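Let's start with one chain on its own, the form predicted on its own, as structure tokens.
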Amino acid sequence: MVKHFDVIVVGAGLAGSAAALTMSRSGLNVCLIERATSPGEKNVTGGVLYGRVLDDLITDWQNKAPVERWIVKNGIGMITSKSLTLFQFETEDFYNPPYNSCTINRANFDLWLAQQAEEAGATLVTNTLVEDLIFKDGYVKGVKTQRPDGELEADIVICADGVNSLLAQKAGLRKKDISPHEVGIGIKEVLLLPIEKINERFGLEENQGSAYEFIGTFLNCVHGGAFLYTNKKTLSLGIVVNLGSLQKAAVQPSMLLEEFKGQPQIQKFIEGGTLVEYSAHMVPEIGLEMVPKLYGNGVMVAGDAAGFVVTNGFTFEGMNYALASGKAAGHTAVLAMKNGDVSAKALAAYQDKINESFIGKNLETYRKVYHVLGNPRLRQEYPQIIEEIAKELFLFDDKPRIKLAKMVRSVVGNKVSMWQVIRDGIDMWRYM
């Protein structure tokens, strides 16, 4: 006999578990399916979580969740082969409740969140691959797994199965295959270091943390960036680069990562670290242009599967969007089941929730930032210009100094035309 649930959630990442927790608390019979042996096992996020979205989902989560460190230092760096120019913001305000952000280990955090859903009544099924959807009379009515008795029925299926969501395609919500320019590949290393060394090198105390993002010449003109985050006893560092740009440049992402790690100022942070984890994964990159239709008869899509990742040029956000979209899908499912209507018309309320939330508004606000960040001068000429200007400002010799404006014009003029700088500046001002 085929097992029947009110809702099946495919993917026990942040979006899937948030949806399952929301629905189980409201009394729905929920099955949460994960292809890995444990939730979070296949996730690569660095990662920084902007956790305020959890406030109304889990009471006092700050003292319950497996948080690594609370971020008090945020920075953006421009790198050349010899220099690092770092813009950093530090405040003790971020070290006090309700906090701004934290670093997490996804294997630990995702497992914890899935367990919260289990405790609320959800059925967690791991090591199970969902291969297809079950359709009946134009409605999604369940899933087919790789198990011999692997058909499970439900009134609603929520697809939270990651960036390359085959289920969203099978449901007719995503009309085409994802192209290389729409996604990035993230490569992450986790390096083990003594807590004392981490705190000393990053100027931290107790469980304070730092989060830095970088661009620069190490990228070899490939569209992307690098990151370096502090955990309790480890550092997470890596790169996220556009797959289409990577193919065009004909370089290996591992080579770019080694270039980043070999930069002298980065070496000082990671020196002596022991590699304890290496992973790679695809991530959505182009924001609103990648978002598919979010609902259909008996089906919704959430998290990375919906393309819910936003960058404003200073932060890269995805985990809080996954949590918020999972909650929104869960609330929509609860109302639909209460009203006995799981049609696309009823589930369209999910789209309304997304549009009215920070997810939809930020996707619209920053919809063209991707194109600005694709400017190759951000990874070649501008880091070199910043380096030369800084050298002129801080170098002392026996030559007379020239005024700042004249010096900047001279340095910039040797790399990029002033008109090009103005055009690039206008684009950044308009879209970032």
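Numbering starts at 1 and follows the sequence shown. Worth saying up front: this structure is predicted, and the values here are computed from it rather than measured.
One more form of this protein exists, namely the form predicted together with a small molecule; it is left out here, but the text below deals with it.
In terms of contact with the small molecule in the predicted bound form, the residue from 273, 360, 186, 77 that brings a heavy atom within 4.5 Å is 186. A heavy atom within 4.5 Å of the small molecule in the predicted bound form is found for one listed residue only; from 334, 191, 257, 240, this is 240.
Only one listed stretch (171 to 179, 351 to 359, 298 to 306, 195 to 203) carries heavy atoms within 4.5 Å of the small molecule in the predicted bound form, and that stretch is 298 to 306. Taking non-hydrogen atoms only, residue 157 never approaches the small molecule to within 4.5 angstroms in the predicted bound form. Residue contact check for residue 285: none of its heavy atoms lie within 4.5 Å of the small molecule in the predicted bound form.
Although the partner is absent here, residue 14 sits close enough that one of its heavy atoms falls within 4.5 Å of the small molecule in the predicted bound form. None of the heavy atoms of residue 379 is located within 4.5 Å of the small molecule in the predicted bound form. Taken together, 8, 142 and 324 are entirely out of contact with the small molecule in the predicted bound form: none brings a heavy atom within 4.5 Å.
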